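First, one chain by itself: the form predicted alone, in structure tokens.
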Amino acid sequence: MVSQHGIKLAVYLVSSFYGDHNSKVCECLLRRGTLTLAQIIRFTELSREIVRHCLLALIHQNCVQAFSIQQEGAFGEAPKVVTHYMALFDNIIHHMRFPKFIAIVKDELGGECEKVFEALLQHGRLSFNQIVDREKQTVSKEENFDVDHVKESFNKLVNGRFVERCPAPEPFLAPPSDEETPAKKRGAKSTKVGDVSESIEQRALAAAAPMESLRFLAETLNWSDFSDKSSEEKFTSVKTGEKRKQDFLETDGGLLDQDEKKEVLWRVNFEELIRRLRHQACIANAKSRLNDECGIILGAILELTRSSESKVNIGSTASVSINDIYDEVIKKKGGLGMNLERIRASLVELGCEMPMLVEEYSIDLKSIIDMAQNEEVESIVLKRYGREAYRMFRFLSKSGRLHETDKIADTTFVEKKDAIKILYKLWKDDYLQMEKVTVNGARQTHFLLWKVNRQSLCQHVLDEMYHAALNLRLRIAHELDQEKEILQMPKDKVGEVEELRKRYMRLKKVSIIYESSLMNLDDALMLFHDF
């Protein structure tokens, strides 16, 4: 369930990137859930043509997924297949992270791969032929264009799993079988513990995803056969700096254009990029909380086990032998002087137990993320409510159970009357959970018990972060709008006038502060939502 401020942020991002009509369609899907074309038209009050055009653009930019299901017809009519649409909230929010994604690819694969990667970020989905044609447009007439360089860069992106084949544009979800239907009718009472049925949205995403054997398969044999003329004709509407809006999908029938069926479409693999950012966050936490050596060793283990991770938020790494860890550590900057004893000591600091037989180690990544989340929330409490509130909140967070007011005050060395005020304030702002207990005896006695509910607290903090991120983006847009006159002037003219120069320097300084704040806030946001 997406929070209200999360929806507002996603809608603002869509509006900024793709316009108001697209944001209206997206908001409708985010607030109301999965809908048909007719329902979207009714709720948004937009024309059929506009809604169709918006859905095509949003699907192409990986913000919406279509799928079809069979529905019962009216009385006397046969069942019919209906296309539904759902918004992909995570993919929309990832638009904030495009600069981080580009930096990862540039650092690992270089500038040539960065160009191809940026093209996919900008246009959403492209075939290899269209990537080649786009690169041709960016090369001047004096330079010689080499298709092999583009092919090599593309291969590197695919092999690094930064790029993947696009999911099916409109998978068909078969109706539940006779064996599944009675189970659903029995209801929650008969459901086994831990047996969680998939939602229709989860089924649609799973059905749309390409097979793992094909997901990162680049058909190099077909690339040498592509026709420059045919690819240029398909790409005429795609120019550098413009949004690609080709009608590759027929919304009503849910069928791909026959020409497009012959080409494989590719998109950015957000999953791999979020995995890299998660690893970076774990390494940074280990360095700040423990020491640099622990960070280097953790980085080495993550490098060795990355390919075995089946999902982003995996609990623990795969087991790795001490010799493999050593071989990887000495390749890293700062790791050349480490010996096996220092590596073993650092592994113990990272929470590993000494093995009894085979010397293999696995790192608990979930505990690192949990500690990072705790540190983030505690820093918020410290800044917002003060040192005494921080001590009380930290005590309750570490204990993980209910405590009476007097116990909290005595343990944290806070006056009781001040403790009650602080606890009430934290409870009122949804940072604590309160329970009232009445004890019957010679006279009734009332006790107030307090605890930290981690799950609800994380959701509350996440919603606050969405709100803060939206406010920051709005502030940046306001500052740029206020000084748009200066931004449109030539730089040499701005430098000639003292007042204009001062305004320009102020805008530059403010923009850097707000942008860096937004990047740091997004790091915390990923910590609670993606990691």
Partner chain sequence: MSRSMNASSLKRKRPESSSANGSLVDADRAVFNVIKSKEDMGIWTRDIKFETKLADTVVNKSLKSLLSKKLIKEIVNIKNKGRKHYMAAEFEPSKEVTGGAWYVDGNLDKELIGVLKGLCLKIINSKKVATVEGVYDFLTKSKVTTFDCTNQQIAEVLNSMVLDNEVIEVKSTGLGEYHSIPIGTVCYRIAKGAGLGESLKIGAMASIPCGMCPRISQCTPDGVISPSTCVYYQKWMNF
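These figures come from a predicted structure and were not determined experimentally. Numbering follows the first chain given and starts at 1.
The same protein also has a form predicted in complex with its partner chain, omitted here; what follows describes it.
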| item | value |
| --- | --- |
| Output flag, R394, D406 and V510 jointly within 4.5 Å of its partner chain in the predicted complex, heavy atom basis | yes |
| Which of 372-380, 267-275, 332-340, 80-88 sits within 4.5 Å of its partner chain in the predicted complex, heavy atom basis | 372-380 |
| Residue (of S362, N129, T412, Q122) lying close to its partner chain in the predicted complex, criterion heavy atoms within 4.5 Å | T412 |
| Candidate from L304, L457, L290, A207 lying within 4.5 Å of its partner chain in the predicted complex - any heavy atom | L290 |
| Exercise: R52 in contact with its partner chain in the predicted complex, heavy atom 4.5 Å | no |
| L56 within 4.5 Å of its partner chain in the predicted complex, heavy atoms | no |
| Its partner chain contact at H467 in the predicted complex, heavy atom, 4.5 Å | yes |
| In the predicted complex, F98 touching its partner chain (heavy atom, 4.5 Å) | no |
| Members of 498-531 lying within 4.5 angstroms of its partner chain, judged by heavy atom, in the predicted complex | R506, K509, V510, I513, Y514, S517, N520, L521, A524 |
